[in-house]
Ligand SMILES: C[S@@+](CC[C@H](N)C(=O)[O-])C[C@H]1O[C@@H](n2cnc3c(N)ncnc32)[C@H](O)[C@@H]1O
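Below sits a lone chain in structure tokens, taken as the form predicted on its own.
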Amino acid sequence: MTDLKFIAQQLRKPSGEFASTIAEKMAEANHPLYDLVNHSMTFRDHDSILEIGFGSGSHFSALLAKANGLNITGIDYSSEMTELAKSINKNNVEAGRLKLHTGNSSQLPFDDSSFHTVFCNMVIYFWDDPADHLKEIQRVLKPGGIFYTGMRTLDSMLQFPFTKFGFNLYSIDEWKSVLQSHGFMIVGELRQRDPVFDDDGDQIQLESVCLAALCR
């Protein structure tokens, strides 16, 4: 029981000596989801993009390759993840193509209408009050901007016993309703069955989903 709580706490905010291990595990488990979200998002040259909860940041090079002159900003709740991502993406950070911050998405340190696109993967489960975060996302998005949510189906999340501790779980329809009730309009949805992977001897297959929501 204690171990499951610890895992849940570390997934919410990786910290201490376990931070790099948790980051590696998250990157491995969520790689198919990141690929789906990356495929879903369309960028134009010189767009400004914000990712909430970037973890190790091992995916940023692939994002920067999607268009010319992109300006990508990331914010993560964990200072350990910020430092890890800066080291992994040293060249892009030094070149000014990537800016990484530590902070909470309920209080984003950015000006109004700063970004064409905001996205997050597996982050909404740690928002105790999504209204605070969605209000901030609306504030920093430009008019007509898109917010992409990368998540898993409810059945997928329930395969993990640690989600009983501190996770706010949603079905896909429930999260759509949350978005719509806070002024977003659903404009796209992609789903995929991820490859089967081994989780301590258990064979698990997850279903990944990316929802695109227009900021109205």
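All of these numbers come straight from a predicted model, not from anything done at the bench. We number the residues from 1 along the sequence you see.
What comes next is about the form predicted in complex with this ligand, which is not displayed.
Visitor: Are all three residues 26, 34 and 51 in contact with this ligand in the predicted complex, where contact means a non-hydrogen atom within 4.5 Å?
Guide: Contact check passed for all of 26, 34 and 51.
Visitor: May I ask you to check whether residue 103 falls inside a 4.5 Å heavy atom distance of this ligand in the predicted complex?
Guide: Yes, residue 103 sits close enough to this ligand in the predicted complex that at least one of its heavy atoms falls within 4.5 Å.
Visitor: Evaluate residue 110 for contact with this ligand in the predicted complex, applying a 4.5 angstroms cut-off between non-hydrogen atoms, and reply yes or no.
Guide: Although this ligand is absent here, residue 110 would stay clear of it in the predicted complex, with no heavy atoms inside 4.5 Å.
Visitor: Please check if residue 30 has a heavy atom lying within 4.5 Å of any heavy atom of this ligand in the predicted complex.
Guide: Yes, contact at 4.5 Å.
Visitor: At 4.5 Å between heavy atoms, is residue 193 in contact with this ligand in the predicted complex?
Guide: Result no; residue 193 lies far from this ligand in the predicted complex.
Visitor: Counting only heavy atoms and a 4.5 Å cutoff, which of 141 to 149, 91 to 99, 77 to 85, 110 to 118 contacts this ligand in the predicted complex?
Guide: Heavy atoms within 4.5 Å of this ligand in the predicted complex occur in 77 to 85.
Visitor: Relative to this ligand in the predicted complex, which residues of 177 to 216 have a heavy atom no more than 4.5 Å away?
Guide: None of them.
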